[in-house]
Every structure is written in structure tokens, then in C-alpha cells.
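Below you will find one chain, with nothing else, as C-alpha cells; this is the form predicted alone, and questions on how it binds or moves follow later.
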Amino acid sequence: MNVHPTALVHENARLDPSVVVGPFTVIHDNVVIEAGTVIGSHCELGISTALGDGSPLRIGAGSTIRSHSVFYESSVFGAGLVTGHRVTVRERTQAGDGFQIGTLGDIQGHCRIGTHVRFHSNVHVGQQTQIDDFVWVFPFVVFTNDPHPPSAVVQGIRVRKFAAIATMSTVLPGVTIGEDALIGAGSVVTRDVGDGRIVTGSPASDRGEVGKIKLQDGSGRAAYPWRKHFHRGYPEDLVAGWLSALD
């Protein structure tokens, strides 16, 4: 292992020998980090609280956790996790391969997140949120969960695959956002959104089918489904499957 001399790694933590640990990072005992992962400076991984279930924090192979990020125990991340700086992830979060969390992302735990989900900066995710594969979440989006705060009632949000939620949007407790749906910037989503629908406004209202939006590149092509033309950072075999299914 390449562990900076100022880092503190508990003797019971299980790190692959190829893991890199940056200056002043603390890794607690109940942590498993797989091969090829790089941990930046001033991070803290594996914090234990009563909200966990005693299981370890597991970080998949080839991950990058940037400086000042904090992860609690009892969470599992697939291969290729990438964070920005100052990310916080609480207990019992499960995420698939290729998850990206932007700078100042805040995941409150007890969440399920699919593969190749991408969060931009300053995204807040309340407990019991479920996000399916290939979802895009843009800056300052808030997923809430308390229908009448403050209370002990928790109603999680569900976001289905390929949905895109634009910047500064707020999704209220218990809402389901459908597959391939688009939430316009600054929207407050108070009710379920159907598959392939556009909603905008506060409160958000239905504006029609996403397929009617055209790319603003002069081509006249449809902007949605976005996977037909946007492939950056996705595995080639995955993209080939998308294109085949859309033909």
C-alpha cells in the first residue's frame, strides 16, 4: 500500500496493497477497499454510529475519493466510484458500478442507487431514496423525504432509469419520477411524473413528451432519449446495447 505517513489506517481495515491513501486521511477498522482505489487527503472512512448495521464500508475497485470526503460504515459501492471534494455519505447506502458524486454531495443514508448514476455538485439525497440505473442529477437538486417536517415520517423518492433532473429542482416526499423523464430547471415536483414526460415549474406541471425537444446543434435531431447521442464515459458494450435497442 502507498499510505502517506500522516494517514491513520486501523490495523483491522482491509485494503488491497495497490490502494493509495493521501495525507491526514483516517480509515477506521470496519472498512474494505478494493484494488486500484485512490483516497485523497483529509478523508475519513468507516465512521461508526448506531444507525449502521455493523457491516463494513466497502469501496469497489478502481475508485477515486477526493479530499475532505467522509463515508460512514455499513455502505457498499461498486467499482469505479468517483467523488468530488467534501462529499458526505451516511450509513446503509448501496450503489452500483460507476457512481459519480459531485463536490459537496450529501447522501443521508438508507438509499439505493443503481449503476452509472451521475450526480453533479451540491446534490442532497434524503433517506429512503431509490435511484435506478443511468440517472442524471444536476447541481443543487434536493430529494426530500419528510411530508410535514419535522416528523418521524419518511417517504422515499423513486427515480427510474435514464431520467434527468435539472439544476435547482426539489422533489417532494413519496414522488416517483418515470423512466426517461425530464425535470426542468428550478422545478418543484409534487406529484408522480410519467415515463418520457417533461415537467417544469413550481409546482411542476406536465409539458408533454421529451421526444419533442430538439438538440440545439442545428442537426434537428431529437435530444431525448439522451442515450441515443450522448455516450461520454460509458462502456462501449453498454452504448452498443442502447443503440441496438433504440433502432
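Residues carry their position along the shown sequence, with the first being 1. The structure displayed is predicted, hence computed values, not measured ones.
There is another form of this protein, the form predicted together with another copy of the chain, and it is not shown here; the text below is about that form.
Among the residues 81, 177, 131, 164, the one placing a heavy atom within 4.5 Å of another copy of the chain in the model of the complex is 164. For the residues 122, 94, 100, 115, the 4.5 Å heavy atom test against another copy of the chain in the model of the complex is passed only by 122. Contact between residue 157 and another copy of the chain in the model of the complex is not found at the 4.5 Å heavy atom cutoff.
Another copy of the chain is not drawn, but in the model of the complex it has no heavy atom within 4.5 Å of residue 77. In the model of the complex, residue 35 stays away from another copy of the chain, with no heavy atom inside 4.5 Å. Put simply, residue 2 is far from another copy of the chain in the model of the complex: not one heavy atom of it is within 4.5 Å.
Residues 120, 121, 122, 124, 136, 138, 139, 140, 142, 144, 147 are the ones in 116-147 with at least one heavy atom within 4.5 Å of another copy of the chain in the model of the complex, listed in sequence order.
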